[in-house]
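Two versions of one and the same chain are coming, encoded as structure tokens; call them structure 1 and structure 2.
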Structure 1
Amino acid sequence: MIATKQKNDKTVVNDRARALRKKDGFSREFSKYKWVYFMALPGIIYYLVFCYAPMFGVLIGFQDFKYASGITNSDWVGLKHIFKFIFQSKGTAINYSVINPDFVRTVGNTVVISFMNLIIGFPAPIILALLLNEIKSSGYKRVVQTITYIPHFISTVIICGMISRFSMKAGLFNAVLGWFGFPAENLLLKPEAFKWIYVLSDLWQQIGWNSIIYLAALSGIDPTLYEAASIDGAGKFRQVFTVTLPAIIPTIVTLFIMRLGSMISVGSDKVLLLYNDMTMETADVISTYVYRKSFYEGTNYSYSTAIGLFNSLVNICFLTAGNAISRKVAETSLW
């Protein structure tokens, strides 16, 4: 078998020049490079089964899916489930004049948490990178980097376990908040505190790691630019705005657009681990709602699929709009 493969590959190289001259169809390309294409097969199968098949599976969001009947024999119901999510319903009747409180709660919390995460979590690594860039001792810089990356590698379960300990009345958070005059109380039972716990712990966990990419961009700046700027009389602070920032703007814009793709989404992991009956009102997000509706409070697969689909459509709109705007304004875009 090896012999045939080798022979085949030899012809691959020999035929290269001819292939460039003669551009023709599928069959020729595949017969020539079939081993190279063949090597991608396991990966392609993975994508087909675990990514594309589920994409096809979102169709059940438009059905009253029954596991026994499967996707081909379940009844089609159109947008019923999305309406049921948005508007209040009783049994099968949907009252289009009243908004579903579940919708208000989950979408509201998702939007607010995403937004807080964006406003706090997006600029912070940029600022950290800019400040780190000004540290003169490279040894100190490395130490800071090494240590600030650590939280990124700690699992969500452990982080949440620590948060739940620290949030207790006698815990670390209350000790620190006490310095600023806040009364001690169990923070995880406090509805107003949930979003802050979520967002700030995220910031803590990711700030160092997310700054890597900016530091990489910063290290690529040509040092002669700084020399030129200082000859022109620009002080250190001026240089940050005239040299440093413009150099990393493309990176910032690209990451910002990518971020827009998950604008209205809050992962279920941390919320599932941290919320409870007391904080449901401020903590429940779309993804946890989907999870509960499918595995916890019955198995309404169609309903939760429809909600998930609704959510990703909103995200795709954000992504597309962000990309279009940035292509116009900043002349940087993902596609």
Structure 2
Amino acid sequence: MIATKQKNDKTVVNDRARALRKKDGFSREFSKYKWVYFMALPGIIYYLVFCYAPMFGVLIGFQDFKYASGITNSDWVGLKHIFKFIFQSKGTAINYSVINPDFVRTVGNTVVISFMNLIIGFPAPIILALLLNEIKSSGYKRVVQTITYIPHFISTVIICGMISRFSMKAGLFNAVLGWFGFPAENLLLKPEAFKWIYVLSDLWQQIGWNSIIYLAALSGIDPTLYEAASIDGAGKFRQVFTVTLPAIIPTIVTLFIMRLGSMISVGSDKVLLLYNDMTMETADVISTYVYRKSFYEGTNYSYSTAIGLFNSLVNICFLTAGNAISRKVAETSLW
């Protein structure tokens, strides 16, 4: 019994010593890098104020929120609003045997646009970075980079205004399509054309900006690897697959996993500026549906919040699954 007591006392002493060492280690690190922590402070404050503090408002997604009662006193309804979004409902009654057509339309359009963006928009910056990496003329390289970066800094409102002009019968898009024998028509009034207009315009707007991180990864590749591959008889094209791509695979996988985290998130701003009653069936996504339900079709903030929470949870599932698969297959993961 005495030996057990001594062993317990020794364990307590060791735990206290370990805690003190950890505290002293953090103090030394903070004093050494205090200006780095100080520079990170605005970013920390931003996320606390605009990302974490508003999370308290998620509670109204589980309530029948009323202004008079406030968040703390509104009636709790659990997952009713999420079920109303998924299943057909009339008044307070929910028919669990029939899927809500709004759910099918908005989730379907969101998934299709996100998948098209993933297939087309994700590899495009990688290809652009690989091509820019092979350019020897620094002047020409800077010109190409500047031209591809500029669309990222143009306001979305201006971008959508340009797209609207280009999509008219006498616009640029129809002029190009006319070379291939297509008839001139207002493309923004064609439901089947909306997704392609959205995805390709997003590609044009983001391809240069998204290539920056890949160019940074390419600049860190040891030049001697290319020399060794050249001595072994590998040409430029083969060097891309034997040296370049394997060297930046961790960067590609990391960004791919992060892209999966927004798999069913399509921003409402561009869609709201481009869609109309003619294209609603193929253009309406979750974010625009939430916007309409919040501000145009009444002020049911509980219902809108529940849908937004549902969207976030699905994205988290995609992110977690992608990270687990990547850790097992490619041995690269976010955590």
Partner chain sequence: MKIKISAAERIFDVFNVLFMLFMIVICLYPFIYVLFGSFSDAKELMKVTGILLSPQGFSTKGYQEVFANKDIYTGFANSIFYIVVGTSLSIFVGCLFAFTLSRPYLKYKGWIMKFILVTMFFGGGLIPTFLVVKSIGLYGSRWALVFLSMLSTYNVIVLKSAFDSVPNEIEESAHIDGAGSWKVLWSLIVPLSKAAIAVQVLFYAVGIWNQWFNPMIYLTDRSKYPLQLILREILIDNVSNMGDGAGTEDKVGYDDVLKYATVIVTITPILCVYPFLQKYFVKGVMIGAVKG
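Quick caveat: nothing in here was measured; it's all calculated off a predicted structure. In this text, the rigid core denotes the largest set of C-alpha atoms whose superposition between the two forms falls within 1.5 Å. One-based numbering along structure 1's sequence throughout.
- The first of the two standalone chains is derived from the form predicted together with the partner chain.
- With the core superposed, residue 47 shows a C-alpha displacement of at least 2 Å between the two structures.
- For residue 37, a C-alpha deviation of 2 angstroms or more is recorded between the two structures after rigid-core alignment.
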